[in-house]
Each structure stands twice: as structure tokens, then as C-alpha cells.
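Next up: just one chain, as C-alpha cells, the form predicted alone.
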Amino acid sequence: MRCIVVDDEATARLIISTLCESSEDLTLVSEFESGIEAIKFLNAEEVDLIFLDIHMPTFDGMDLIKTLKDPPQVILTTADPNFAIQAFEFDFIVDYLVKPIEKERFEKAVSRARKMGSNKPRGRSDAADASEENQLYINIHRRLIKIDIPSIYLIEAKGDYIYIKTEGKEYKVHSTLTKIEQKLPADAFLRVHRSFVINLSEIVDIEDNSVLIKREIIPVSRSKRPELMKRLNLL
């Protein structure tokens, strides 16, 4: 089983990593000191098991659990046994290890994960994949916030930040337009200016070198106008 360790304490990570490496059932892929780092990794890589500490600053283990879109199995590791009842509300949490972790108890938890994993179907449904393609996670104050991509009508760059505008809310993110462009469906969004990306379906009106998005007039650069006109369904 491919596994990762998520714990803000270096000593705890070392102990769990050593136990993982001594187990024939486990292949330790990586370790992380924060839930944010782990989420970024899990969005790109697939693992079978997470050894997850509950108490971590800002973005703790329970935050990570609630953020996981297609959760692998999880074995919680903590010095506080009071979270056990709450933790087992999630069916993908297979065990709960209280620090300091003993090898025999660790092996028992891994054995349980292996048995439960053999009965769990892997892979994702087409509906789940389609749903995730319409979702974007942004990092604001070290918390991950999910945005439905179709709800975005405009993204504006100002200095070192971009402003993602949806019908109900505006989000300020430390990023660039180039970076977020790579996350958006190319058939739905277009960069019409060095400072603006628009949702083509939200265009209300076009006049000269500008477009009306909701109630905002957005400039269109001369070099981008041909591409804009090409993408429109003109009569």
C-alpha cells in the first residue's frame, strides 16, 4: 500500500516513517508537516493510506479529512484519545493510534487497513470526475476554499494578487493570471487583456474594444479581439 505521513512534529514523522519502512505491506511515498502540503500532493497523486495527525496548527487533521474529495484509508495518530468517537463518523478512517505509538499496535492498524482496502473498490465514477473538473481549490489564509468554476464570471489581476469574482463572492488570492488560466477550461474562459480573464458565457454586450460582464466593463486588447470574435457564436 502506498502511504504518506502528515504530522507537524518532526519526531512523530520520523517514528511513523520508520515504522512504515519496516512494514512489508507499506511503501512510504512522502511525508508532510502540514495538511495544506498534503492536500496539494493528494490532488496530483494517489495513495492507499494516510497516517494523519489530528492536532496541527491552522489546518488540522479534521480539516484535511473534510477537504478530501476521494479519500483513501486514514489511520489517525494523536496524543489525544478524545477525538475517537468523532473520527469514526467517517467510514474511510480505519483505525486510531494514540501516541506514543507501539510497533505491535501499529502493525495491527496496518493489517486492518489492508483487509478493509481489499474490499474497497478503487477508481472514480465518470460523474465524480466531471464534478471535480468543475471545481477549483484556492488557498486563502492557509485554508483551502472550493469554488465552482462555472460560477466564476471574471478574474482580475492587480499587482501580486488576482481577484476571482463569482455571483456571490469575490476572492483575493496571491497568484497570477497565467497560473489560474491553466486550471480553467479553455473552451469556457478567455484572457482578453493582460489583467483580465472572462467567462465567455457571461458576456452581456461587446462594443469596440470592451466587453460588458455583469455590470463591469472590461477592456479587450487589440491582439485578443480576433480570438474573442472567433470564439463567439455569431449570427
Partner chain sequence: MEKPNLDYLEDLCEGKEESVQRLLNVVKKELKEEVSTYAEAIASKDYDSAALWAHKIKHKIGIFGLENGYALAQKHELLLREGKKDAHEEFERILKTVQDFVIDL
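It should be emphasised that the depicted structure is a prediction, and the values quoted were computed from it without experimental measurement. Numbering follows the first chain given and starts at 1.
Not pictured, yet referred to below: the form predicted in complex with its partner chain.
For the chain shown alone, residue 9 is a contact residue for its partner chain in the predicted complex, at least one non-hydrogen atom being within 4.5 angstroms. Its partner chain is not drawn, but in the predicted complex it has no heavy atom within 4.5 Å of residue 114.
Contact between residue 148 and its partner chain in the predicted complex is not found at the 4.5 Å heavy atom cutoff. When contacts are judged by a 4.5 Å heavy atom cut-off, residue 160 does not count as touching its partner chain in the predicted complex. Only one of 67-75, 102-110, 148-156, 161-169 places residue heavy atoms within 4.5 angstroms of its partner chain in the predicted complex, namely 102-110.
Taken together, the three residues 14, 18 and 55 all come within 4.5 Å of its partner chain in the predicted complex, as judged by their closest heavy atom.
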